[in-house]
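Form predicted alone, single chain, as structure tokens, below.
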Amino acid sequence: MGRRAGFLLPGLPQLLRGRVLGGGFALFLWLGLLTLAVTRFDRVRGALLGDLDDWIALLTLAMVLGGVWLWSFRAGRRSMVTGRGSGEGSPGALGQGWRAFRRNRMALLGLGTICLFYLAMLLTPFLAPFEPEFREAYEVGGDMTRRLAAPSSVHLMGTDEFSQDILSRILYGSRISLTIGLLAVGISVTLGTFLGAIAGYWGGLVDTAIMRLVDMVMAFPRLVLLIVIVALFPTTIFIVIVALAFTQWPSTARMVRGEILALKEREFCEAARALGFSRGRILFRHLLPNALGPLIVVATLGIGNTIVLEAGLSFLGLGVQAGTPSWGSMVSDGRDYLMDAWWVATFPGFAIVLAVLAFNLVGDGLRDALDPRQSEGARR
């Protein structure tokens, strides 16, 4: 029966075995995407002849629908054979960390919210009620009859001062805000990890030089340094990503350096040196993998912080180019209409708060799951 249920309706086998959270999320996601494919069938069919964005949305829709069905079917069959859930027998530290993480319901809620945000970002061509418009078209004599329209059945979140649908701009703006947060943190974590690991393991003059560079960068107020970098170069998405990454890597470098300094005195590192392994192999094959736990937590928390920083730059007019939808620029555009049209700034601001809160919940959950000593201390 479990296999038949998984074949007919993804998530149902998990619900039948009491896994309400996982099964409910899979069922909700699969039915929601199936409803989207049916209600927006014309857009889905037209995506075959569309541009790259349409193809990405189409492939995402097909892969997620197939992936959720396959996961539910295999998990239902595995639970029939073993009599347990799909993750109960996961061996090793990774499996133990996942079991500890999924016991934190708030962290799972944050993870589900993040997945929905990025899924909505990829499916924007199908989800957005209206196509994106350019402000110049309205400024040169476009239709301004829907200017600052209140939320309604046609415009669920209202319109802005250029008659543009707020919900559509939030969906398209998620591409800017979420992508900038992910790429900037990826660059900063990579650079900070590399420099921090070298400084911690080599020591001496190398450690001194890198740490003095870290101190110099951290001596400047982050917002002031961001404004200076963005003001010196043409405002593009690439410059914003580089500026955000350049101001965040020092904290990662200091954290990784501390981890490497502690790990290189452990017995397994001494054994690797006794066996004649090279410094590079010891560092990248033995030390860094053992420092990934705190690094993952820092990266997860850093994405939320980066989204806030990008929103602040856009609010000050130093973010992405004018007219490009991003959550920060939308909040900035709506600050003059807070009393008469509160929805212009409120809904983008709520998207920022929800995304940052979700990343922080996941970061806290990972910290508790990957650092058992801290979670035990919290329980005490």
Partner chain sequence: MLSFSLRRTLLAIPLLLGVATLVFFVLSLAPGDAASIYLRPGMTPETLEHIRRSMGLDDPLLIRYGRWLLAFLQGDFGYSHFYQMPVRDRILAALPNTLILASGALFFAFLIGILVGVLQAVKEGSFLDSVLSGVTLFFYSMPSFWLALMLILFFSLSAMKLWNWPFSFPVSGIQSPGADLLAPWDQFRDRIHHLVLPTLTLTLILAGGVARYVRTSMLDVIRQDYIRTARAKGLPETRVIMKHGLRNGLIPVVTLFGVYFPFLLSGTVLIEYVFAWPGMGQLMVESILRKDLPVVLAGTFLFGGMVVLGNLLADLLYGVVDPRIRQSDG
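Residue numbers count along the first chain shown, from 1. As the structure is a computational prediction, the values presented were derived from the model and not from experiment.
Quick note: we don't show the form predicted together with the partner chain, though the next part is all about it.
- Here the chain stands alone, but in the predicted complex its contact with the partner chain, taken as any heavy atom within 4.5 Å, falls in 222-230 among 261-269, 197-205, 114-122, 222-230.
- A heavy atom within 4.5 Å of the partner chain in the predicted complex is found for exactly one of G349, G50, G67, G32: G349.
- Of the residues given (V154, L109, M218, A209), M218 alone sits with a heavy atom within 4.5 Å of the partner chain in the predicted complex.
- The shortest heavy atom separation between V38 and the partner chain in the predicted complex exceeds 4.5 Å.
- Put simply, V308 is close to the partner chain in the predicted complex: some heavy atom of it is within 4.5 Å.
- Though the partner is left out of this view, P234 does reach within 4.5 Å of the partner chain in the predicted complex, counting heavy atoms only.
- Although the partner is absent from this view, V353 contacts the partner chain in the predicted complex, with a non-hydrogen atom inside 4.5 angstroms.
- Residues of 342-367 placing a heavy atom within 4.5 Å of the partner chain in the predicted complex, in sequence order: W342, A345, T346, G349, F350, I352, V353, V356, L357, N360, L361, D364, R367.
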